[in-house]
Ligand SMILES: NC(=O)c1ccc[n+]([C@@H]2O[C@H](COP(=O)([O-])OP(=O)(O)OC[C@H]3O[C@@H](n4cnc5c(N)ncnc54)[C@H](O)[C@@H]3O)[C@@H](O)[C@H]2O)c1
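Coming up is one lone chain in structure tokens, specifically the form predicted alone.
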């Protein structure tokens, strides 16, 4: 499809709302893109926003994201904010006529997810939820093998995705405002739903609160959820974020897929190489990062995909509808664990 007239110069003018740790990844990828130009950043920390503008711009700097959205020279935005703060900013972005790439999850309630999708449809703009793990080569190649019929029909998956204690105690000031289904399980549930091509029918989940509760952080330590899909597939999902900080990597990941004619075993955190200092062993790997100053890996690929979809007027791989359906399943996990009984969808 040809580039639309609105982007005849082939450049997407881009803004990033929220330029913390992951927000900087968006800035780095946009700044390196051949068909995008960083036009503005917004963050509650004026100092942080100014530093990021100088590093990846120069571009306009705002403390109030609504001032960024009011700029005519911003076509699209990345919204990289805490899980529970997506709805209002997404609605405002669509009302301002912007295309939106929102970090996962779409929302932490079904009502918020429905409102975001309604705003996107009313605006007629592009919405992509950034479940960037789809661009990890192992997950992408498994999907290609499934689509080619090489594995037969998918039947069951086991997915583990854990973080060390660093994440809820030091990295996220807002850990108590989210739950692990929205923070971690969502990544692997998205992959499973992508492979199974079906929606959740029944969810049975458990959680426990011990370690973080003792530290004054009101969110569970771990969740385990069994999901039965409408087509008969079954997924077993588990996540915790109280692994010791001495672990060689921040993320502990495992994914197994059982099919009628095949089996896949993916360790997404398996290192390509290890660096050991006197203080600690570090599994750097090659999933993401930079090579000679250029961003590489799945995060960069996902953001490039969004930019290309907007410029070409194409639907992204992960739509608002996907985000809504996934939010329904994730919310059911939280509900099931809190009630101590299965939830039917």
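Note that the coordinates shown come from a computational prediction; the quantities given were computed from them, not determined experimentally. Positions refer to the first chain, counted from 1.
Heads up, the form predicted together with this ligand isn't pictured, but that's what we're talking about next.
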Q: Assess the spot marked by 21, 81 and 103: is this ligand within 4.5 Å of a heavy atom from every one of these residues in the predicted complex?
A: yes
Q: Only one of 188, 98, 179, 86 comes within 4.5 Å of this ligand in the predicted complex by heavy atoms, so just point that one out.
A: 86
Q | Single option in 196, 94, 183, 139 placed near this ligand in the predicted complex, where near means a heavy atom within 4.5 Å | A | 183
(Q) Given the stretches 117-125, 166-174, 151-159, 216-224, which is the single one in contact with this ligand in the predicted complex, using a heavy atom cutoff of 4.5 Å? (A) 166-174
Q. Applying a 4.5 Å heavy atom distance criterion, does residue 239 contact this ligand in the predicted complex?
A. no
Q) Even though this ligand is not shown here, does residue 44 get within 4.5 Å of it in the predicted complex, heavy atoms only? A) yes
